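In the form predicted alone, a lone chain appears below as structure tokens.
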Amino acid sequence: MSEATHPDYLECLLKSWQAKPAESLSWLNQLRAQAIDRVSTQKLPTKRDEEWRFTDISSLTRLPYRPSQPDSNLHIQDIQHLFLDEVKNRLVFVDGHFSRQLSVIANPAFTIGNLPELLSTHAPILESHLGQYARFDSNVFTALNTAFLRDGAVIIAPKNTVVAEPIHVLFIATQSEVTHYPRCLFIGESGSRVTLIEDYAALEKAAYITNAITEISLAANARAQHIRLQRESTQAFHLANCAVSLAHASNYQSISIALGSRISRYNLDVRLTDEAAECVVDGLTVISDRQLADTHTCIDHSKPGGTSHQLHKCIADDTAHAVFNGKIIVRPHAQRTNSSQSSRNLLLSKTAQVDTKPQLEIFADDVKCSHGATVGQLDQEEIFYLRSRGLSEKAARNLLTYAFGAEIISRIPVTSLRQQLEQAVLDQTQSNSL
């Protein structure tokens, strides 16, 4: 579809945007107004844009879905299968709107809640962080999310707070032919430790658009484990951006699992802004049929002594198409950086496709950096070995495929979630015609 249709799609969203008079002078509404102004000057990306050359989202222009409205009759039993045993604090958003009756906040020693409810009590810290990391100057999807920002998950871990149980932020899609704008802000003050689960799920197979933004800020010596799960409808679009800022000696560990959506795009931008910051970024994509999953990451070292390690795996079957573009930047003053990146990809059919592009941009001389990429099929010698031990060919292929993805899933520290994902990947590898 030609670019000429793009303004029509954006125009539909622009017309549906409106500011509430009561908020006309608030800093949040000013942020939203700035974002909608940026939307009016931008276009949707096409395959002619370098960052999108493998991902065609032109079909999105045929889906001028307006923002979703609060309209949920869900009960606890409807979503109980998505709950995790270890969780004591859970925020649930249905079609982008906060659901108090489905959420559980167990009087924690930290701040957790919905953005509008915290504006009156935490305005200074929210204003200093919200919209400061996921910039919308050149990203139309970030601008749209910010323009339509109403509800949002906010988690603030005070200084030296250690939260033993994981915090579950659950975004559930129920409506067809709508756009929803999930938003998540996590602030880890110095010395804090938290595990955050960001979970996107659908209850029905429906066509809709998810445009999600997550911002994470870790102060000095803070530690965060961030587990991101995307298991939306295979008819949906999932467009997401996550921006992370790491201060002195902070530690960020990320595991991202992508299983759903017809077309998905996940941008992860990690900035190590001070000395001795560390990050570990792992990812797994498992897709089949006609799914397209695109993952773009950028790890930016700007100060000395930083460490980053990344492993991303893709499993593609049928006519599915996986994309991975990983960039590591080492700035001129970021001496003694230690960084590694690996992209490993498994094709289960002759028609599946993977495009992978690991990148290193190094502007310092005292560094230790490496990267690599592999694309291949299952090892025939390993299949032969398993068959010689009594397994059928299909069982052998299923087992090897599952083991390939299980390496990433095994790193998830939440037992009940790890078991859910192990079963989901096992089911998917067994259901596909290998």
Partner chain sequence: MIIENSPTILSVQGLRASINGTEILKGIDLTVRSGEIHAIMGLNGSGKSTFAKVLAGHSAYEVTGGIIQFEGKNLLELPPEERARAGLFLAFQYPIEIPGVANTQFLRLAYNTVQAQRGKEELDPLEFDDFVREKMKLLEMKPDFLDRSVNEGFSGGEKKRNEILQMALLEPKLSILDETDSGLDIDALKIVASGVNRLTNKDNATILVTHYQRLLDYIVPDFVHIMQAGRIVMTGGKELALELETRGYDWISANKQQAMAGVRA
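Being a predicted model, the structure only gives us computed values, none of them experimental. Positions refer to the first chain, counted from 1.
The form predicted together with the partner chain is left out here; the points below concern that form.
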Residue 400, heavy atom within 4.5 angstroms of the partner chain in the model of the complex: yes
Interface membership of residue 385, the partner chain in the model of the complex, 4.5 Å heavy atom rule: yes
Contact of residue 376 with the partner chain in the model of the complex (heavy atom, 4.5 Å): no
4.5 angstroms heavy atom contact with the partner chain in the model of the complex for residue 389: yes
Partner-contacting position among 51, 37, 56, 393 - heavy atom within 4.5 Å of the partner chain in the model of the complex: 393
Heavy atom contact within 4.5 Å of the partner chain in the model of the complex, the stretch among 43 to 51, 29 to 37, 365 to 373, 401 to 409: 401 to 409
